[in-house]
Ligand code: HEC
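Before any questions on binding or motion, here is one chain by itself as structure tokens, the form predicted alone.
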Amino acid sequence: MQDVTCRLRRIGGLLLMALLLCGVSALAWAQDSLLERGRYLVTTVMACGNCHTPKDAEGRPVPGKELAGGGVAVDIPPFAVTSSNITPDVETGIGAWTDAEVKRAITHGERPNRGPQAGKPLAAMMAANFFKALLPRDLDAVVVYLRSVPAVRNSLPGPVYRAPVRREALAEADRGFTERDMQDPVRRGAYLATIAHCLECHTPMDKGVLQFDTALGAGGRPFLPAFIKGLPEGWKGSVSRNITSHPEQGLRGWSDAQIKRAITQGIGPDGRKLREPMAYAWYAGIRDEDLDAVVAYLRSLPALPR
């Protein structure tokens, strides 16, 4: 009887060890899944490196400087800012920030209430009013990935604000999205286009205010080299185009393949090269099924003239 009891105990111990090992493996798998999802979002759809990674004179990311800040500097009447270092460097990046503080910065444009820039908001060029739409799992994934990139020491000038920072509310982001929405191509496309902040550039401004309520996606917003630094040498500026379903001025006459090529390669339907600051190099990595969803969403935008 004693031998039976001992054998049962050994079996029980082995089962417990197996369960523990399975738990550890499951945790590691979940972490890897978050890491890979975060990598995908940051390096493609959200195109964080388009602003936060320094680039050479030809617009190529500088090796070893991923997300180290200084990729873009903007000096316009309301503010003068340089994109921040978002690597895990403790002194010049976000290494000392808690996960909650990183999430708050991404979704609300607020810095931690401590340090030399305590209480200062992030500039309006940080698309927090779009990123607030991030699903909880995706926001977690972004933070996990940002923690994983090499820490780079890169001290940058602080922001100068000449007017209060304002971000126009975007109804789609304010309403938010659900996991169920991801099963519908148009809703998933709306989600992806929102966190890709497409409509930040492709919506016109009037007296410094983005016209989300009346001209969403109608284009016509100018980007001028006098105010933006960090784009390829010789860049002469650009004007965002109309991406609504308007038959002449918008995308209705474009094929799906032409829209995808414009997004991922920066080539128009006539073969001409489109201009920055569109993040073609980052959007090139968006998966085909996600591109299909984005196109489905763009087709749903009401036709508006520029």
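What you are looking at is a predicted structure, and each value in this text was computed from that prediction instead of being measured. Note that residue numbering begins at 1 and tracks the sequence as displayed.
Omitted from view is the form predicted together with heme C, to which the following refers.
Peer 1: Is there a heavy atom of residue 294 lying 4.5 Å or less from a heavy atom of heme C in the predicted complex?
Peer 2: Residue-level check for residue 294: yes, a contact with heme C.
Peer 1: I'd like to know if residue 230 sits close to heme C in the predicted complex, meaning any non-hydrogen atom pair within 4.5 angstroms.
Peer 2: Judged by the heavy-atom cut-off of 4.5 Å, residue 230 is well away from heme C in the predicted complex.
Peer 1: Although heme C is absent from this view, report whether residue 241 comes within 4.5 Å of it in the predicted complex, heavy atoms only.
Peer 2: Residue-level check for residue 241: yes, a contact with heme C.
Peer 1: I'd like to know whether residue 108 contacts heme C in the predicted complex, with contact meaning heavy atoms within 4.5 angstroms.
Peer 2: Taking the distances in the predicted complex, the answer for residue 108 is no, it never comes within 4.5 Å of heme C.
Peer 1: Indicate whether the candidate residues 82, 146 and 254 are all in contact with heme C in the predicted complex, with contact defined as any heavy atom within 4.5 Å.
Peer 2: Yes, because 82, 146 and 254 each have a heavy atom that approaches heme C to within 4.5 Å in the predicted complex.
Peer 1: Just one stretch in 147-155, 175-183, 124-132, 204-212 has heavy atoms within 4.5 Å of heme C in the predicted complex, so which one is it?
Peer 2: Of the options given, it is 124-132.
Peer 1: Do any residues of 278-304 have a non-hydrogen atom within 4.5 angstroms of heme C in the predicted complex? If so, which ones, in sequence order?
Peer 2: Contacting residues: 278, 280, 283, 294, 298.
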